[in-house]
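Presented below, as structure tokens, is a lone chain in the form predicted alone.
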Amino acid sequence: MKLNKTMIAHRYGSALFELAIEKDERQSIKDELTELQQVLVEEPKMMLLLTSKQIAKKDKQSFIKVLSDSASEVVKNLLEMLFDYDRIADLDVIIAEYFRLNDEYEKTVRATVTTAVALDEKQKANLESSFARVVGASKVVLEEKIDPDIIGGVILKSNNYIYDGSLKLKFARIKRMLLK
């Protein structure tokens, strides 16, 4: 049975996270994976090199060795294992799963806030603390988006929660009520 990306991410990400907890290296591994993810984003051709059928396996292994030389034993073993099992192309989803599990462990919620104008620091801090209370999180990390089409108010989205307090939605509701 062939595994899909979600199953691969869950299996490898969970195993990696459990090992990181067991070795008491959760934060340092997260930092390493953050750097690795940044390399993947900045150098998208790197993954092409590692997955190409036209490049010899020996050359790919040399590249993995260079990539993992400065890595911890855990991350080095992860890279080598993914390469050996032909799963290196799934590295990005495995890293994302590790981050998700780490956020869950730290009771951190990531959310996107959309406003018509940029929030100042005080507004952002108030929104983070209010949302943290609503969802029972220790920490909320907001990604801000500006959309003048919402006219005013706030749209807040996280994994399991959407709060639309935009004026655009309120105007649409009033319009529907007037048309009835």
Partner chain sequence: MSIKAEEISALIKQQLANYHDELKVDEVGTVTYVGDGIARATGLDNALAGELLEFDDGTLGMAQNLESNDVGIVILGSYQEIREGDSVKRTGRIMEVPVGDQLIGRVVNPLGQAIDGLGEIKVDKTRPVEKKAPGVMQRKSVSEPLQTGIKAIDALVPIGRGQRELVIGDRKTGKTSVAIDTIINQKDQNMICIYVAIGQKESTVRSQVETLRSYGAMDYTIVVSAGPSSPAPLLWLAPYSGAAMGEEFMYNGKHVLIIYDDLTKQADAYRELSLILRRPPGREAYPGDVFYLHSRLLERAAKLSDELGGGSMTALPFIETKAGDVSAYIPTNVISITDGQIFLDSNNFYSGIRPAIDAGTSVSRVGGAAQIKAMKKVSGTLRLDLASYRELESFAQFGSDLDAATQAKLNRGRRTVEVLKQPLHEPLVVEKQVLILYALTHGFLDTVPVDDIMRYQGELFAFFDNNHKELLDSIKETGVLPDTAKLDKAISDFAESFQPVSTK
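Source: prediction; values computed, not measured. Positions refer to the first chain, counted from 1.
A second form of this protein, the form predicted in complex with the partner chain, is not displayed here; the remarks below concern that form.
**Student:** Should residue 128 be classed as touching the partner chain in the predicted bound form when contacts are defined as heavy atoms within 4.5 Å?
**Tutor:** Residue 128: no contact with the partner chain in the predicted bound form.
**Student:** With the partner left out here, check for me: in the predicted bound form, does some heavy atom of residue 118 sit within 4.5 Å of the partner chain?
**Tutor:** No, residue 118 sits far enough from the partner chain in the predicted bound form that none of its heavy atoms falls within 4.5 Å.
**Student:** Find out whether any non-hydrogen atom of residue 55 is located within 4.5 angstroms of the partner chain in the predicted bound form, and reply yes or no.
**Tutor:** Residue-level check for residue 55: yes, a contact with the partner chain.
**Student:** I'd like to check something about residue 45: if you look in the predicted bound form, is any of its heavy atoms closer than or equal to 4.5 Å to a heavy atom of the partner chain?
**Tutor:** It does: once the partner chain is placed as it appears in the predicted bound form, residue 45 has a heavy atom within 4.5 Å of it.
**Student:** Which is the contacting stretch out of 120-128, 143-151, 57-65, 107-115, given heavy atoms within 4.5 Å of the partner chain in the predicted bound form?
**Tutor:** Checking each option against the 4.5 Å cut-off leaves 57-65.
**Student:** So the partner chain isn't shown here. In the predicted bound form, which residue out of 71, 101, 93, 82 has a non-hydrogen atom within 4.5 Å of it?
**Tutor:** So the residue touching the partner chain in the predicted bound form, by this definition, is 71.
**Student:** Within 4.5 Å of the partner chain in the predicted bound form, which residues of 18-50 have a heavy atom? Give them in sequence order, or say none.
**Tutor:** Result: 32, 35, 36, 38, 39, 42, 43, 45, 46, 48, 49.
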